[in-house]
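Here's a solo chain for you in structure tokens, the form predicted on its own.
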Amino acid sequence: MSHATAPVGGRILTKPMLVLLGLFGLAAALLLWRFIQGLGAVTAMSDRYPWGLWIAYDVVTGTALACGGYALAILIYILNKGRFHPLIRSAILTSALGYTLGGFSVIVDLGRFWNVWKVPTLFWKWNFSSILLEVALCIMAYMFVLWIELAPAFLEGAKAAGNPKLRRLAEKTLGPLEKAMPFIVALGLLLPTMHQSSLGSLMMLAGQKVHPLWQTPLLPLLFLISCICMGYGVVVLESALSSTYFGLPRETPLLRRLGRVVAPLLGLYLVLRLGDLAIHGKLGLIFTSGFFSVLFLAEMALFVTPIVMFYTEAKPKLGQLFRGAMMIVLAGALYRFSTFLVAFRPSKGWVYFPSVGETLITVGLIAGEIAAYIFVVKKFPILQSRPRRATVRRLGADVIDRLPIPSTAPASGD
């Protein structure tokens, strides 16, 4: 079965795109005010709460949501599951946009943002005992690696363009880039393994400031496993929404296989999480910690439910896969928000809740990320080139279930 990619095409400035660009424009105006007046003008952060929504979502959670390319690369290039290759370009695009948002959010969150250039350049002043330094360097490096991994799509688009200079440049560049790609992919597998686990290590340093239900020596491993699970979840969501919104045939057989891959990982996470609590005598805290007990049980329910959903039917429909993937994403996001923000209490008497400005900036940046994704897939060969269906306007999971399955040959075993 052919797995050729092609631009989706179509008009760029649609009504949804204009809404997304409007939200991004509002965020840009607030960001300008933030850079002129400082953090205090738009955030609710303080000396006791030096990080808030921008770190908890845009960096800690956002980069985990952007691990679809990393998760698929593990399957394709390490476990040699080449059948998943049709999903890789869209996953890398999502990862590149997500990590770019994360890297930019780090700059937005810095008080003295004008000094950020010193982090990667003044290497003789690096503090090699700093986890934050390792996280910053890895995120910066991985952001560039992802765009290099995506470069063949842009070069193929340039090669197909009418401009002869662009075509010649693309033809000269594609060959050497393809030869270097194994080394680039290897670096792309190393960097997120390092910094995603280091995000967990960072909160180990907080000690008793993190609630005991989330404070554990296994934080690096739990953060790594959860980001891989979230990556698979985002791949399912992106594939389902893209095929529906752009009227393309669905990749249901491949997404079912992803469900079979992610379910054992979710089980491993639960075993490690609950086993650690049992070993350290913390199981009783699950039911005696008030609000934190509710938070923990909600997190466990979100991790358990997708496992049940993926195994209740031999061949779950796309709507069921979509709902399960949404649960995985919410579970990982809740775990990371809890560890970095909700269950993190720097000292008594200090509270934090995101300001309107922080929230609008985050929403606007996400809208800009979605707008960029739509633009790229319409202009460059990212998604699979197959016969189009009539575009479906509603994106609910129930509508997805009722869509007709295209008459293309399914992958073997489905």
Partner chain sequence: MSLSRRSLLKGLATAGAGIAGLPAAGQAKELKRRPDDAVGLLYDATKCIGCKACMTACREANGLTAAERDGKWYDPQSLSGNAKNVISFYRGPKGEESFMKMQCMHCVDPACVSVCMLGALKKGDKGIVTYDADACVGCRYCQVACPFNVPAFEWGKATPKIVKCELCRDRLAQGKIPACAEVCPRHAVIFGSYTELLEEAHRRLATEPKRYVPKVYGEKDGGGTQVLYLTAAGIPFEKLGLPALGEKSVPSLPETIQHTIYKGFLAPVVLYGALGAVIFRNRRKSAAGGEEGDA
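Residue numbers count along the first chain shown, from 1. Since we're looking at a predicted model, the values are computed, not measured.
Below: the form predicted together with the partner chain, not depicted.
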| message | Check P220 for me: does it contact the partner chain in the predicted complex (non-hydrogen atoms, 4.5 angstroms)? | response | yes
| said: L202 versus the partner chain, in the predicted complex: is there a non-hydrogen atom within 4.5 Å? | reply: yes
| said: I'd like to check something about W147: if you look in the predicted complex, is any of its heavy atoms closer than or equal to 4.5 Å to a heavy atom of the partner chain? | reply: no
| message | Can you tell me if E299 lies within 4.5 angstroms of the partner chain in the predicted complex, counting non-hydrogen atoms only? | response | no
| query | Mind checking whether each of P50, L79 and L187 has a heavy atom within 4.5 Å of the partner chain in the predicted complex? | reply | yes
| request: Using heavy atoms only and a 4.5 Å cut-off, determine which of L274, L133, M326, L169 is in contact with the partner chain in the predicted complex. | output: L133
| Sole residue of K159, K317, R257, K282 within 4.5 Å of the partner chain in the predicted complex, by heavy atom | R257
| Residues in which of 60-68, 34-42, 363-371, 376-384 have heavy atoms within 4.5 Å of the partner chain in the predicted complex? | 34-42
